[in-house]
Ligand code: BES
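Only one chain comes next, encoded as structure tokens, the form predicted alone.
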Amino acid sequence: MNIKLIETELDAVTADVNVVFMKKDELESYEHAVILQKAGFKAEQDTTCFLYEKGVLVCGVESKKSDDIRSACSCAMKTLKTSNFKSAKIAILSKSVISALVDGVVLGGYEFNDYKSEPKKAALEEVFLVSNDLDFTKVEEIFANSLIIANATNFTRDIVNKAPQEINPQTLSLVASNLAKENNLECAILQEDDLAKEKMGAMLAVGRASVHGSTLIHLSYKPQNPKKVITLVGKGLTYDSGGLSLKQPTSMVTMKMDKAGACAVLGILKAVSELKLDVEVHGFIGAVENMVGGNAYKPDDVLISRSKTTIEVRNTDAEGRLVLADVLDYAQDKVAADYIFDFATLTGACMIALGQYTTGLMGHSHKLKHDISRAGSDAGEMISSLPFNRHLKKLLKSEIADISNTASKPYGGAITAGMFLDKFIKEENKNKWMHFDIAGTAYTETAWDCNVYGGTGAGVRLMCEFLREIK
């Protein structure tokens, strides 16, 4: 399906369907008000009424703001794809909603059909965004940038959605290598021998029982004279069985999504390089598979991390933080960054605390939290800060090692996981670092907003917005 931008009057565009966004107070004055009334349409948010004989799809919105338009546009795409119409047109209401319309069409219209033997093909082929009364030069720029970010988000979704027999640490490294070639990025991949030389005992322990060797991926985008240097770190658990602390069968389903942090880093680098932003970005990914075997790491093991911090293992299903501990330490030594951001599907506790729709944000800098939250709001990703707490920190105490990989009590689990990572952030970098727990937002089995079943690409739109506005 193609999405095109056209500068003309809406009536001058030939399309099978005209998509109209309508508030409740606009119903009575609409030309087809009588038909809508008979259909029982009340213009509630995300409801639709398809006037097939008129070639009009009416979508209810609470307001004409971006969040409501994005969600309604996504619903419109789902409705259009069930019809036999081949084209649709949408009037651009204002410059401020262009990105929302692009997200609605591209992200709301996304499908992952790689494993269906006979995927059903929608008839819809083209969607036209039409404007004739805005500064079109500016409209074209917003449209082009929004399309790059939306496509990078779908690129991220594709990797998240791929099955664990297809994406393991080695093949994820190949995905990164191919992205580097296509987008002119630098790429270095550390195999297990290299990780051993780096003394990454925590990361190596997690992947020990897998037949697929663990890797550390380092991708770099280096424009001339960058105004800032950014480090992104992604948790790349290509599959997480829980290890010897085995997950319940129902919890093991969807664990292909435990690589979503790594996938987000790849998607952000794809977008940043195509947007040609004047910031230098380094992506570090710990690609590991957590499996069960005779040589699996065990509860009661004591691991020596790259930073020489010793870690008592109390639960092998708290594996992502072990991988990130070594990768964060490595990344800080390799790159002197202005900001360090890690993305991880780290804790189910974050979803309990904030729900499915909100990413948990943790760190020390209140200003940085504020700037990131504002970027999330502008990009359409919800962010909420979870505060560090000196009393919760005590729960990570170990009697036999420097720190335990899980807290001694099951409360504040998202925060204690974040505070575990904080142990591996160097003092001079404390106010430069932020941790994003995307456990709830990275994958969904129920459609919401512009997200359909599967990977959502959480973090990509947010970080692109932040990096575009960085000073």
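Quick caveat: nothing in here was measured; it's all calculated off a predicted structure. In case it trips you up, residue 1 is the first one in the sequence shown, and so on.
Below, we turn to the form predicted in complex with the named molecule, even though it does not appear here.
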Using a 4.5 Å heavy atom cut-off, which stretch among 73-81, 247-255, 88-96, 191-199 contacts the named molecule in the model of the complex? 247-255
Using heavy atoms and a 4.5 Å limit, would one call E289 a contact residue for the named molecule in the model of the complex? no
Heavy atom to heavy atom, is S220 within 4.5 Å of the named molecule in the model of the complex? no
Just to confirm, A318 within 4.5 Å of the named molecule in the model of the complex by heavy atoms? yes
Do L101 and the named molecule come within 4.5 Å of each other in the model of the complex, heavy atoms counted? no
Here the chain is shown alone; which of G380, P226, G348, P299 has a heavy atom within 4.5 Å of the named molecule in the model of the complex? G348
Can you tell me which residues in 224-253 come within 4.5 angstroms of the named molecule in the model of the complex, by heavy atoms? K235, D240, K247
